[in-house]
Structure formats: C-alpha cells, structure tokens
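The chain below stands alone, shown as structure tokens; this is the form predicted alone.
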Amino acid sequence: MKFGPLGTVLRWKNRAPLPSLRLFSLLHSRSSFGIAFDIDGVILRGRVPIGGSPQALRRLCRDSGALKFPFLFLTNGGGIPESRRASELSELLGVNILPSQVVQGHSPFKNLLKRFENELIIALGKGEPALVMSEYGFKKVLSLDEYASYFKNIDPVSQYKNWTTEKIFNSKANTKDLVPRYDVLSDRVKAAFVVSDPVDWGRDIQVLCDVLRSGGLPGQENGPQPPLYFAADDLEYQAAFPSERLGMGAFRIALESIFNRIHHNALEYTSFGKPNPFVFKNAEAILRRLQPSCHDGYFMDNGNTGSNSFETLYMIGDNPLVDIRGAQKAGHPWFSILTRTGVFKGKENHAEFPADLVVDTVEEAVDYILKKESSF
C-alpha cells in the first residue's frame, strides 16, 4: 500500500465519516426495544406508586433525566389533558415524564378533529372532558354537565343532587339565568364523546338517550343518531379500592341496554382504547419518535420510520382482557407481560388470554427486559 504525503494523511484523518458509515452508526445506536406501561394497577393504585414503579422507571432514564430507552404510558384512563397527566406522573413517580409519553384512551379523538372541528359536540366523564376536547382543537364543545343545565327538567331528579346543582351554578357566578355559550336550544349536537368514566350515570344515560334518539336536539321527534364515541371499553379496572371498579365499558353496556329498549334502532358507537389494535400501532409510532440515540441522549427522528423498527415492544399490564389481549391482537413485535398488582392476581397464567410472561410487579418486568436486552 502506498501512502501519500503526510499532509494528505492528516487531511483524511480530519474528514467527517462517510454518510453511509454515519447512518450505520446512528441506526445501531438506537434501542431495539420499547416499553408501554399501563398505569392503574401496574404503576399506581389511586395516587400511590406500586410494584417498585419509581425505581423501575428510573432504570430506563439517564442521570440527566433524558430517556435511555423509549417508553410511554398506554392507559385507557383519562379526563385531563396529556400535559397535565404527565406532570402528575412526574410528581408522583419522581421521574421526568413528557406529554408525548402519555397516551390516554381519548388521545385518538384528535384524529376526528377535521370532521367535527366547527360542529357542536358534547363531552362527558370525570375530570375536565370539555377542556380535553378543546385542547385537541374542537371549537364548539360543551361538557354534558353544562349542556344539560340549559334544558329545564331534563334530569327529573336534579333537585335531589345539590352537589351537581351547586357545581353548575358556581361555574356561572354573578349570573341569574343560564345563558348558553352556543345556540344549544336549536343547534343539533353533531357528536357525543365519552372522554372518561361518567360520574352521574343516571343523568348521563338520560341525556344521551335524549340526544341520540332525537337526532341531536333533546325534546324533538326521533331523528338520525349522531355519532357516539367511547374512549375505552374496560368493563373493570383496578383503583384504590381492593376489588375492581366498574369502568367505561360497564357504562356503555348500561346505556346500550336502555337505548335499545326505548328506540327502534340499535345503538351505534365506536370504542377506542385497548385492546383495539389501532392503539398499539399508534403507540409503536410514538415510541419510534421517542427512540433515543445512545450518543448524549439526544432524540433523533429523520422521518424514516421504517429504518428504526423495533425488534420487540413490551406491553406491561394488569388486565388480561385489555392489555394482554390487545398486545396479542397487535401481533409482532409485541411481547406481553402480566403483573399481579392489579386486576389479575392469579398464581398461574390467565387461561383465556395468557401473557408471554407473568411477574409479580412492574419492577420485576423491567428487570427481565433489561437482562434480556443486556446488549444495551
């Protein structure tokens, strides 16, 4: 081999790496796996961390707080904006959580903005459902609390619900009469969104039946049913109480049963949330955007999602019918891990929807993943 002048060698040494070599280096510095955590029953019970979740999550982050491995929270819960949920999780867990790492049951509602952006819609559930929809960009949205308040006697037992009446009137301080923000007494509701678990089932079922069978204007004759969307369809979930609580799926069953008894057409609706495979495909896309480089913890996204596919995506959940079933329906590259800290408490694997792995806690799940992916 012949060498050129010394200056030539020095100039070669100082040249940047060839693009193909640089690309090879960047692609191989990415994590080959990502993790989706359920929250209730896996990370938290109520507002209390469980299963060693703070320690487990810290192992996925750098000392600077930046992501070492891509992970997000995939929950059917909601009722508040993703930004606020991220702040709450950061405070409770002592780990910096970005809004982009929080995927709630109602997050897919963003995809319906183009269709209903300027239409009158109602949003119901605990928390601040109207605020959630407004932050997604919907221009004419009312909570069912506010919407119902404009229709006198729509709830025949409202006089026995002083707590509800006080909340509505306090939100309209210094006004003697309820003045609608929109022309709700003549403008038809174009869609109803169940954003989170409803609080007042009786009132909400009554008002929804009025809206849906009248074509969007309570008190009118029957009309075409406006679209109805549920953020999730969980029958039960694990909260602070020792036994499971009824979820949005239970509310949907109650509403559907009553509506089908009083209306000639069956209730039509669309449910999002786990175990819908769409939710897992969406989570995979978000994890790709979160996928960090091992170089200084910077995020890189060249827009080519095909070049940074994962070898394995882990779904860690406590509900076989939702978390495990969803990962199974999504297929490769999802790998399901079932914890015993929430809905599932069995000694053996679940019979109908067996997980790829069963562990006691989320900390054990993360320990398993990091040992398996030890090359990172």
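Here the structure is a predicted model, which means the values were calculated and not measured. In case it trips you up, residue 1 is the first one in the sequence shown, and so on.
Not on display, but discussed next: the form predicted in complex with a small molecule.
Trainee: Is there any non-hydrogen atom of residue 39 lying within 4.5 Å of the small molecule in the predicted bound form?
Mentor: Yes, residue 39 lies within 4.5 Å of the small molecule in the predicted bound form.
Trainee: Test of understanding: in the predicted bound form, would residue 237 fall inside 4.5 Å of the small molecule by heavy atoms?
Mentor: Answer yes; at least one heavy atom of residue 237 falls within 4.5 Å of the small molecule in the predicted bound form.
Trainee: Please check if residue 106 has a heavy atom lying within 4.5 Å of any heavy atom of the small molecule in the predicted bound form.
Mentor: No, no contact at 4.5 Å.
Trainee: So, in the predicted bound form, is residue 125 in contact with the small molecule at a 4.5 angstroms heavy atom limit?
Mentor: Although the small molecule is absent here, residue 125 would stay clear of it in the predicted bound form, with no heavy atoms inside 4.5 Å.
Trainee: Specify the contacting stretch among 39 to 47, 332 to 340, 347 to 355, 54 to 62, defined as having any heavy atom within 4.5 Å of the small molecule in the predicted bound form.
Mentor: Result for this chain: 39 to 47.
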